[in-house]
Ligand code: URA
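One chain follows as structure tokens, the form predicted alone.
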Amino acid sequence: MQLQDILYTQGFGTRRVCAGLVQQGFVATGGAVVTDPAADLPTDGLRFTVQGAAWEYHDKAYLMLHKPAGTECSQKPSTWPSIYTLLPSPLRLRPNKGAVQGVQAIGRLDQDTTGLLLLTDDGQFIHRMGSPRHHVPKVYEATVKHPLDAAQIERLLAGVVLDDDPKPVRAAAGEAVGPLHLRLPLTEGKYHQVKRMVAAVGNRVEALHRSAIGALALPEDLTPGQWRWLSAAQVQQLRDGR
């Protein structure tokens, strides 16, 4: 692929801007500056720098982000800063089909909810992970106001009725990790679901954190506000539902 097209697919601007970056000597690969925008380079495992910033070619972007509290999962936030401001510009500007540019969050977390969030520019992957019929489990760690008891856990497992749906909503599993710490895996994604389910059994969520999606757990060394690429194995694992 021509270098100017490589930069364009990775979100470094229009093709004209990308050609200009190359011609001005701002792009290097293998430690050597390349000034020909039409230089043909293999993309497999390609690493390069743009104005000194290191980058690796990815045909599709698959990321994990540790969402901090006080952020919104929206391109146009209303009150709180957007999670997208935590990402480098190329990830926000990657060309995409349709009107929306860049990577998109798969599902949303409330502004006060922290934890694992997946982002991608792969529409099929978004559908696979976000569709209710695929039943991808998501594990939530809830800090509750009142001490948990066995009856509350049993009701969550048996199913509780929320005010917008007469059909009971059940937790896939649930356990009291501590007196005020509830671990709740869910396969659905209703609005404020964890908070409303806990309220339905007579308790209240004081803090909420998503610790895992499918078999992918939030790494302990990924601190709030940080992101990283998913490995090919992690992406495949999520596709396979493992």
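One rule holds for the numbers: they count along the sequence shown, beginning at 1. Predicted model, so just to flag it, every value in this text is computed and none were measured.
Form predicted together with this ligand: not shown, discussed below.
Participant: This ligand isn't shown here, but in the predicted complex, which of 54-62, 25-33, 213-221, 192-200 has heavy atoms within 4.5 Å of it?
Facilitator: That would be 192-200.
Participant: Looking in the predicted complex, is this ligand within 4.5 angstroms of a heavy atom from every one of 109, 113 and 140?
Facilitator: Judged in the predicted complex, 109, 113 and 140 all sit within 4.5 Å of this ligand.
Participant: Look up in the predicted complex whether residue 208 has a non-hydrogen atom within 4.5 angstroms of this ligand, and give yes or no.
Facilitator: Answer yes; at least one heavy atom of residue 208 falls within 4.5 Å of this ligand in the predicted complex.
Participant: Could you run down 26-42 and flag each residue that has a heavy atom within 4.5 Å of this ligand in the predicted complex?
Facilitator: Residues within 4.5 Å: none in this stretch.
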